[in-house]
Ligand code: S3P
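Encoded as structure tokens, the following chain is the form predicted alone, with no partner shown.
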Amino acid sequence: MSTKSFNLNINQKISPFKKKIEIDPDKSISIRSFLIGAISQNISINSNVLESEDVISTIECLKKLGVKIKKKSAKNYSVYGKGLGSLYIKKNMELNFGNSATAARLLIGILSTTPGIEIKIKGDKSLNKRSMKKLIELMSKFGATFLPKNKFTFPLKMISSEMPVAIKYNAGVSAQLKSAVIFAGLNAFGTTKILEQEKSRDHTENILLKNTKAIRIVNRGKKIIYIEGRKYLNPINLDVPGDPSSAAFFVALTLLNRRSSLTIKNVGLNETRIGFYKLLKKHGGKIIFKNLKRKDNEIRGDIFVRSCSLKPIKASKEYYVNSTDEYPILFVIAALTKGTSTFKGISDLANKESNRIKEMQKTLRQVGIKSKFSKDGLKIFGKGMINANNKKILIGDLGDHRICMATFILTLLTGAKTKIRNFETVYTSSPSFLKIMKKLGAKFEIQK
């Protein structure tokens, strides 16, 4: 996949549309399918996986660790599993996770309890800025060492535990940390116990569920996950649904673009991923889920959406965990909806690919939308649908795909003259984004 840098220029509003589309496969599930295939026995089959830069970074890291991965056709792969504790890499070799925090946190979870691993770990400019403090603290409990001491950003050196022992963990909003603990626990001695304080994405558990000796889930008000270490893992055969986070941007565009409607086929509608849709429905959004079915322990279906007028959004902190990736586009919706919208419990957005609160405030300010952030809450003073063709938006090189996508939607709806630098970062999660936009009638210029 080409990672050549390019800027995007947009200066024209989009016309009404009535279309059917398919979106890119789910990134979270695609990355997990390769990681779990690698530590399972025998050959796993992964179908309809996302071929984005984050997923390719994951595949490249696994190949360096001795895993054979064969591409059978577009989006379809065989993973020749090595089994738990069998990944291997020469001492002081380097793993580069690119832009993918998911691949970084989850693979470090696996490697922390894989004996004999001593490696350098790093990411791209954006990932190297992100704090890995919580991950490092958790993996240290399993016995892994990270050097230099008290440094919590990449690049780092990691030495795995020779005698990894199970831990107890109270999981918060981060599904990545929960998954890292599950992966580390799979190869530790004893039973790792995870108490889910906040309900977060459960794709890791869903893929592993057939391994009844390795994972057991008890729901007593709150979910408890028991991981029995060092058990045989069966190969997986997984078909990845469409990504609900990528779909959210097209849903937002349709809701706000007059006389428009859209059907998005075969989207993953896991309960832990649809906070964005529930929130918008609650505020008047015309969104319907159709043709729901369960496959590979995941609910999937079609999303039908049509334009309508929305009420100002009031998002309590409970929504954050199930719609983290969608907050930049929620801020755009709030800006173009008349009245004051409020978002609570969002302080974690500061440690994403960029500080998403600050950067989105900056973007909205460029089209005259005021907002105010205080103590974990953001207020956006929405003006309703504005005409901004006398305004200019410039987005610098943030390395943040969600900000690029949200700004694109803002521009298509308001007509602002916009330049988004390094738009190629969108390919980390949604390589078909521009192709779908073209199909919907968006006009833009790629500047290499």
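Start at 1 with the first residue shown and count on from there. The model shown is predicted, which means the values in this text are computed figures rather than measured ones.
The same protein has a further form, the form predicted together with the named molecule, not shown here; the description that follows concerns it.
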query: Exercise: Ser28 in contact with the named molecule in the predicted complex, heavy atom 4.5 Å; finding: yes
query: Lys82, heavy atom within 4.5 angstroms of the named molecule in the predicted complex; finding: no
query: Touches the named molecule in the predicted complex: Arg306 (any heavy atom, 4.5 Å); finding: no
query: Close approach of Val173 to the named molecule in the predicted complex, 4.5 Å, heavy atom; finding: yes
query: The named molecule: the contacting residue among Ser161, Thr337, Ser354, Thr102 in the predicted complex [heavy atom, 4.5 Å]; finding: Thr102
query: Answer option from Thr114, Asn270, Ser341, Thr324, heavy atom within 4.5 Å of the named molecule in the predicted complex; finding: Thr324
query: Region of this chain that lies against the named molecule in the predicted complex, out of 138-146, 102-110, 205-213, 69-77 [heavy atom, 4.5 Å]; finding: 102-110
query: Neighbours of the named molecule in the predicted complex among 32-47 [non-hydrogen atom within 4.5 angstroms]; finding: Arg32
